[in-house]
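A single chain comes next, written as structure tokens; it is the form predicted alone.
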């Protein structure tokens, strides 16, 4: 798995790792049961502090994305979410709100935003036929 960090993005490094792991799972690059790189080698590869990777892994574990077995490593959990539907909706709403604010600042109309969302959903489904969003 390739993680690329952008130190100028304003997003904390540990959250960049979290988001990239989640994106790799959504795209099928990482599958349930697969192991993540150990903390120390990943930190060395990324040239960051081990505590940053550990914080990212702890966040992924808190979100129910991975599970850690002492002495064995961290593994991708089955895609069943531990969150209730309303909690998942609130999490998604926060991401949508951020996208709406960005669209406003980039001067997109609501129709253009909806068209872009439909296009991106279509692209996701074509790229990941077995991972289509559920109806």
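Numbering follows the first chain given and starts at 1. Small disclaimer: the values here were computed from a predicted structure and weren't measured.
Although not depicted, the form predicted together with the DNA is the subject of the following passage.
Interface residue remark: residue 18 is not counted as part of the site for the DNA in the model of the complex, having no heavy atom within 4.5 Å.
Residue 47 belongs to the set of residues with a heavy atom inside 4.5 Å of the DNA in the model of the complex.
Proximity of residue 61 to the DNA in the model of the complex: non-hydrogen atoms within 4.5 Å are present. The closest non-hydrogen atom of residue 55 lies within 4.5 Å of the DNA in the model of the complex.
Contact annotation for the candidate site: 27, 87 and 91 all lie away from the DNA in the model of the complex (no heavy atom within 4.5 Å).
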